[in-house]
Every structure is written in C-alpha cells, then in structure tokens.
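Taking the form predicted alone, here's one chain by itself in structure tokens.
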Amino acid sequence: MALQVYYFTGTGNCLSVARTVADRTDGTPISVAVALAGGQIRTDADCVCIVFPVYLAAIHGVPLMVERFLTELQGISSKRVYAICTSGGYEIVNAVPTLRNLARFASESGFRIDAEYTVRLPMNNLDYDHIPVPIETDSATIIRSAQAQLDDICERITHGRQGKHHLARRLFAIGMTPLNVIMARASMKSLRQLAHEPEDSALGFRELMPLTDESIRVDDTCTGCGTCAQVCPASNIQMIDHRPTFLHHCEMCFACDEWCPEGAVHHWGRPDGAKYHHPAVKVADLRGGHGLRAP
C-alpha cells in the first residue's frame, strides 16, 4: 500500500503523528502548506492520509488551509482517503463534529473520507480551565497515551478499518448541535473583536479568522531574527525593518508564538507564558518546511 500523509501543523503535534503513520505504513509525510504552494495536487499513491488539528470546533473545526487543500486534490475519487484529527479536549466534543465538517468539505470536492480517526494530544495553548469535566492535563502523560492510540490507528489504516465506536460518536455529535450553536455565536462575537471588526460586521468565519492577527502582539524583546516568518505555514509574516508584520491570512496555529526564541510574540489565543510544542519536533523541522502565500 503506497500512502502519502499530508499534515498541517503549527506546534508539531500533527507533524509527529504524520511521521509515525508514515513510518508504520511505509508512507511519505508532506506538509499541506508545501503541497498547496504548487497549486493543484495530484498523487500517484494508492491512499492518502490527512492529519490536522481541531481549531474552534463549535464553528468550523477544520483549519482553513486544510479546507483549501481538499479543493486542490485531483484524481482522488478512486483512492482510499483517511483522516486523522488531533484535539486537546474530549474527542466527542471537539474531534467528532470537526470530522463531520471535513467529510462535508470532501464531498463538496468530489470525494469521500473512507475512514477517520482521532488522537488526543496536548492543547497548543495548554488552556484546559474551560473544560467542565475533569481531563488529563499533563502533557507527557497525554503524549504517552496518544502513542497507544496511534498504534491502533496505524493497524486500522493498514487493514482499511474505521475508527472505534464510529456510529455512537456520530449520534452523540448530532445531539451536541444545539450547544454548538450557542458556543458558535459567542465565538463569532469574539472573532469580530479580535479582527477589530464592528459588532454588526457581516463578515463570516472564513473572512474573520485570517484577520485575527490584528490582535497578535509583538513586544520590544523582538530581535528581528525572522524565526516567526520562517515557521508560519501560511506565510502570513513579512519582516519589515527587522520587525514582523502580519499579512491578514492567519491560520491560528500559534507557530509564531511558540517558536519565537525570545518569547516576543504573543498570540491572542494563548495565555502569556504558556509554551508547548511536541517534544519530538524541533524548530528546524518547521523552518523552511512551508511555502504557501495565500491570495
């Protein structure tokens, strides 16, 4: 089975997952950003696996770049397509509705997701206080548990099997819809504020999210090293006079905040002082590994 593993990552969780899947299945890991930089995407592989994180599950869940990636996949309808969604909260609340959206986006692009899986990894902002039900918060423990999940996922991909409790998860997600509607309204209000848009702005999620870099702050400890620009998967940062300038197609991946060697970049979605990246991923793994400049 020839498998290409496409991943979107900011703090390394999905890169680590993609590497594991590729190693276990004799596949090839490829950055979604790099793939998109070439326009329409064709593959000679028999199977494709898409690895991505959950962002704002109540509204959209699927990163905008991953949604665009689906529209550029060509000749994929005859191939087997797998999806692996990583999330920091409870799978049923975050990953399942996100995978429903992914399946819809894939269908609109003319193909189907044949099997989907989820992995719990640490939140990229380490903010677990908003989760009302007790949940494991120690990053090392979460990563160890994720390894067992990945062992099972790789076995299932090898044999073309679906994730566990597939139907039950779907039914629960449908039951969560009214709560998601309430949460989505609150999140959209917050996005308008972060994008510096008026409360009555007609802009939708896809237009507001890229503009939220208006609320990313860079302090005076910035040395102008350009690391933030080098690791940004969306090419959303341009260095002008040795200072980062944000270009308003942000993907909310936190890479600029996490990998700044001086801690000078402060993303609105991450509390000051909170730092996390997957321990198996280094800044050199992301630097130069992207290539997309959004229109």
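Because the structure is predicted, anything quoted here is derived from the model rather than measured. A residue's number is simply how far along the shown sequence it sits, counting from 1.
As for the form predicted together with a small molecule, it is not shown, yet the points below apply to it.
With a 4.5 Å cutoff on heavy atoms, residue 94 counts as touching the small molecule in the predicted complex. The closest non-hydrogen atom of residue 55 lies within 4.5 Å of the small molecule in the predicted complex. When contacts are judged by a 4.5 Å heavy atom cut-off, residue 14 counts as touching the small molecule in the predicted complex. Of the heavy atoms in residue 69, none are within 4.5 Å of the small molecule in the predicted complex. Residue heavy atoms within 4.5 Å of the small molecule in the predicted complex occur in exactly one stretch of 101 to 109, 146 to 154, 115 to 123, 199 to 207, and that stretch is 115 to 123.
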